[in-house]
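First, one chain by itself: the form predicted on its own, in structure tokens.
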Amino acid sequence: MAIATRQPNDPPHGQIGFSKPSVDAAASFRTILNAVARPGSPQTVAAKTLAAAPLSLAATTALLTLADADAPVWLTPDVRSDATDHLIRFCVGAAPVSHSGQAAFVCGRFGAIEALELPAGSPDYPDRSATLIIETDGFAAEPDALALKLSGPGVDGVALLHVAGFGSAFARFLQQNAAQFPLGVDLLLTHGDQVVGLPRSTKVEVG
């Protein structure tokens, strides 16, 4: 895992990257692991890094923690910037890919992700699939937020998750993804400093 630290003569984006790589990466990994182990439960990251705008702190932290030279990243056009280019090339050191179907991590907004070709694994190698890091507008129970009922491994009975900024197309995407199990993609939903895990094993109904 190639994680940059800030040096006195770093370029303007030099503050992107864990200040204490080994400590921050370990803490962030535990946070993400908790999110995946408890689907639908928002977890708060506490990494000492600036967000790579327009990505949230949570999405930036997830890429710093999980991606590396052996785990290529595809950013959708809506989240590409000088800061995210610095994050991927210099902080993460992820190998560049020319197509989303080659990526281990695909990051962006759902509207830009849903039409992409996504690695979903194969019967022999279901683990050769992508993890989606999808930016949202938050997880508060607002009137216009999409309400999802979650069940499956890691969920005690049924969990209710509200996702702002999404409509029924996102729920259908999740349902179709779960129907492929053990194939399919895993999801990390992010907003601000919060991350929510939605493994492919999670069953979804509109609440």
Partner chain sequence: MSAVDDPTDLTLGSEGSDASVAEAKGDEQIADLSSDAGDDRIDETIDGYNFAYLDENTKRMIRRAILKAVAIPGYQTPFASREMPMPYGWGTGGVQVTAACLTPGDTLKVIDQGADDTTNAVSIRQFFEKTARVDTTTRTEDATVIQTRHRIPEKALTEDQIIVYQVPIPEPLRYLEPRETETRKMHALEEYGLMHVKLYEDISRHGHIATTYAYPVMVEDRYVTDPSPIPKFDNPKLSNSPALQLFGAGREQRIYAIPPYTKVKSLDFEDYPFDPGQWPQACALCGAEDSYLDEIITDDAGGRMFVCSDTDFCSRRRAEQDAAATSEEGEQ
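Remember, it's a predicted structure, so these values are computed and weren't measured experimentally. Positions refer to the first chain, counted from 1.
Quick note: we don't show the form predicted in complex with the partner chain, though the next part is all about it.
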Quiz item: Just to confirm, Gly167 within 4.5 Å of the partner chain in the predicted complex by heavy atoms?
Solution: no
Quiz item: Any chance Pro123 has a heavy atom within 4.5 Å of the partner chain in the predicted complex?
Solution: yes
Quiz prompt | Residue contact check: Phe105 to the partner chain in the predicted complex, 4.5 Å heavy atom | solution = yes
Quiz prompt | Close approach of Gly154 to the partner chain in the predicted complex, 4.5 Å, heavy atom | solution = yes
Quiz item: If you check Thr49, Thr65, Asn177, Gln43 against the partner chain in the predicted complex, which one has a heavy atom within 4.5 Å?
Solution: Thr65
Exercise. Note which of Ala53, Val158, Ala27, Ala147 lies within 4.5 Å of the partner chain in the predicted complex, where distance is taken over heavy atoms; exactly one does.
Key: Ala27
Practice problem: Decide if the three candidate residues Asp127, Phe181 and Ser201 all line the partner chain in the predicted complex, where lining means a heavy atom within 4.5 Å. | Solution: yes
Quiz prompt | Interface stretch in the predicted complex with the partner chain - options 53 to 61, 33 to 41, 135 to 143, 167 to 175, non-hydrogen atom within 4.5 Å | solution = 33 to 41
